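So this first bit is one chain, no partners, the form predicted on its own, shown in structure tokens.
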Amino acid sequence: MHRGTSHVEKFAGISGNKDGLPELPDGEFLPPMELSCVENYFKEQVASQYKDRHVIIARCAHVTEPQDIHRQQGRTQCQQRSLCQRGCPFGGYFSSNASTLPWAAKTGNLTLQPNSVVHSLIYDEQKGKVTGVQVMDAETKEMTEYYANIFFVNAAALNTNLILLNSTSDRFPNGLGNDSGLLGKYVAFHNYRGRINAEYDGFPDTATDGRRPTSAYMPRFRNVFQQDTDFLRGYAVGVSSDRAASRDTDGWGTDLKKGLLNPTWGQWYVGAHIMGETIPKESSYVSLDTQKDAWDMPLLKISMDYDDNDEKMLKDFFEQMTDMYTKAGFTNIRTQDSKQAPGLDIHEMGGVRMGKDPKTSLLNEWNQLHACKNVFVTDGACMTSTSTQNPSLTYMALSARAVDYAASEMKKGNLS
């Protein structure tokens, strides 16, 4: 996995420090973003009070110092506009539009088929493998079949489950590869319900300037090397600080410019949010509904909720962050539980879990379906646990590893 991760990190461009933390291994990093003065102060306070807790600048997929591999992709340095979600025209932030799709186009072997809705995979009973995929045109609703020797189903975790559940045949009446009956089960996500905010009276002559597309970050510090709480697993914490600015917008011309350029700075605010690991359970599942959408695809029923472990973890987050805030001299500490439903978070995972035993999993160690060797799943659906980090880098490393294996197997004639 390490070789695959290094390959992906160099290609995508990951900004961060080499922090030397066993709970968050270092990688192939570009220069890091900077902590604000308040975040750096909080880092020092935490380090002086706790041996097992660390505040670092979060690692992010932003090109802070372009390398040849990024220039070859047509990307340039992150402009720190913090408009990443719109799609970065500079390619400073990694995305498929900025990076992998143009890279694939360079090979001459890429065909993009827009307005396509994947309906199901076609299983050939005689050949004992998938031979094609049924795709509906989203506008004309015409169905087309495409054929290949090998298939990667990476539609994002829940849609990957949907497609496989909808791919039925005499051999697989309950979904492609679903001999174990576990397809769609053991789905989990990251819990973002908790926030804690405070104020700080220090650094009256200092303020942040410009934008930053990431924040400070506290890697998981609960149950890392041993079980030390009444809940399983742990959580990471995103920490950020800012200072409100009041600008005089009265007047015209020179007076207006002066008012805009000389703000009155208010209080420093500090905010933190939880990214909690939820436990995959058989009772957390997705399944096909009898209702269908406009493209004749079944709607996906999602059966998932918080459990006692999540509530205990959230309580601990509030207690520990309140303690850290208090020791750092922060005031007006306020906790907030959004009680938002699962699915209003991010990072859904599971349903097509990896494992050695076909009775308890659907994919082998190479992300192949146990029961259908020419189908691979390398997105979040393959995960067996959620950890507490952003998972996309892991998906990409698994994909690179699986593709390398699949190409090798094809050359040997094992997947033809």
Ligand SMILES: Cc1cc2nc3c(=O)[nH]c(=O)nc-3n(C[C@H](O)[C@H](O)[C@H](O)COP(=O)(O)OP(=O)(O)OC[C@H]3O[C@@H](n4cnc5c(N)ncnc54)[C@H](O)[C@@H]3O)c2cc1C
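Small disclaimer: the values here were computed from a predicted structure and weren't measured. Counting begins at 1, following the sequence as shown.
There is another form of the same protein, the form predicted together with the named molecule; it is not shown, and what comes next is about it.
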query: Partner proximity in the predicted bound form: residue 395 to the named molecule, non-hydrogen atom cutoff 4.5 Å; finding: yes
query: Non-hydrogen atom contact residue 391 with the named molecule in the predicted bound form at 4.5 angstroms; finding: yes
query: The named molecule contact at residue 208 in the predicted bound form, heavy atom, 4.5 Å; finding: no
query: In the predicted bound form, residue 304 touching the named molecule (heavy atom, 4.5 Å); finding: no
query: The named molecule: the contacting residue among 159, 95, 72, 229 in the predicted bound form [heavy atom, 4.5 Å]; finding: 159
query: The single option of 286, 314, 163, 328 touching the named molecule in the predicted bound form, heavy atom within 4.5 Å; finding: 163
query: Interface stretch in the predicted bound form with the named molecule - options 117 to 125, 252 to 260, 314 to 322, 239 to 247, non-hydrogen atom within 4.5 Å; finding: 117 to 125
query: Residues within stretch 212 to 244 having a non-hydrogen atom within 4.5 Å of the named molecule in the predicted bound form; finding: none
